[in-house]
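Only one chain is given next, in structure tokens, and it is the form predicted on its own.
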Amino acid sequence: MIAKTWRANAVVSCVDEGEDGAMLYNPDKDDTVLLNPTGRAVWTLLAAPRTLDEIAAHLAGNWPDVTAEQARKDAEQFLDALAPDFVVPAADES
């Protein structure tokens, strides 16, 4: 079974807010979302399709205090909060 992959929605723009994170804007929905610095790092990762496990591994690898279990839970919550308007299944899986 092939794992589902996710990517940033191509219509969404991202404004880097430096140490504060980033702001995402979806013009199709006229909606914005604020990301903390960790969310911004995950958003950058989603420029290419990524699986939940790849996102969790990135979190656990870059924040040593985060357990693999917590990283997976955080990655899942991130995707759930941003789908379907800001992150979408990769094109070959929609």
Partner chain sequence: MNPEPVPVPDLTVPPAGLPRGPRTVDLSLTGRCNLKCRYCFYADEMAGRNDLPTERWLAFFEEMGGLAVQRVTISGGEAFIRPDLFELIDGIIANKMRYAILSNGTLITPAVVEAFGVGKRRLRLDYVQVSIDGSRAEIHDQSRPPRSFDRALTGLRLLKEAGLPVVARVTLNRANVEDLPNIARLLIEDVGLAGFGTNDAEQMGSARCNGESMVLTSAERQRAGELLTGLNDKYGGRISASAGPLAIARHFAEIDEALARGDKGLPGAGTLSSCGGVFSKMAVLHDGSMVPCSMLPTLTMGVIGLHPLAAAWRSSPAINAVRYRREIPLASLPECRDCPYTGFCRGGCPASMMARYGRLNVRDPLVCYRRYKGEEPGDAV
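Note that the structure is predicted; figures quoted are calculated from it, not measured. Positions refer to the first chain, counted from 1.
The form predicted in complex with its partner chain is left out here; the points below concern that form.
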Touches its partner chain in the model of the complex: Thr32 (any heavy atom, 4.5 Å): yes
Interface membership of Leu82, its partner chain in the model of the complex, 4.5 Å heavy atom rule: no
Distance check, Glu17 to its partner chain in the model of the complex, heavy atom within 4.5 Å: yes
Distance check, Glu69 to its partner chain in the model of the complex, heavy atom within 4.5 Å: no
Residues in 5 to 36 close to its partner chain in the model of the complex, defined by a heavy atom within 4.5 Å, in order: Ala10, Val11, Val12, Ser13, Cys14, Val15, Asp16, Glu17, Gly18, Met23, Tyr25, Pro27, Asp28, Asp30, Thr32
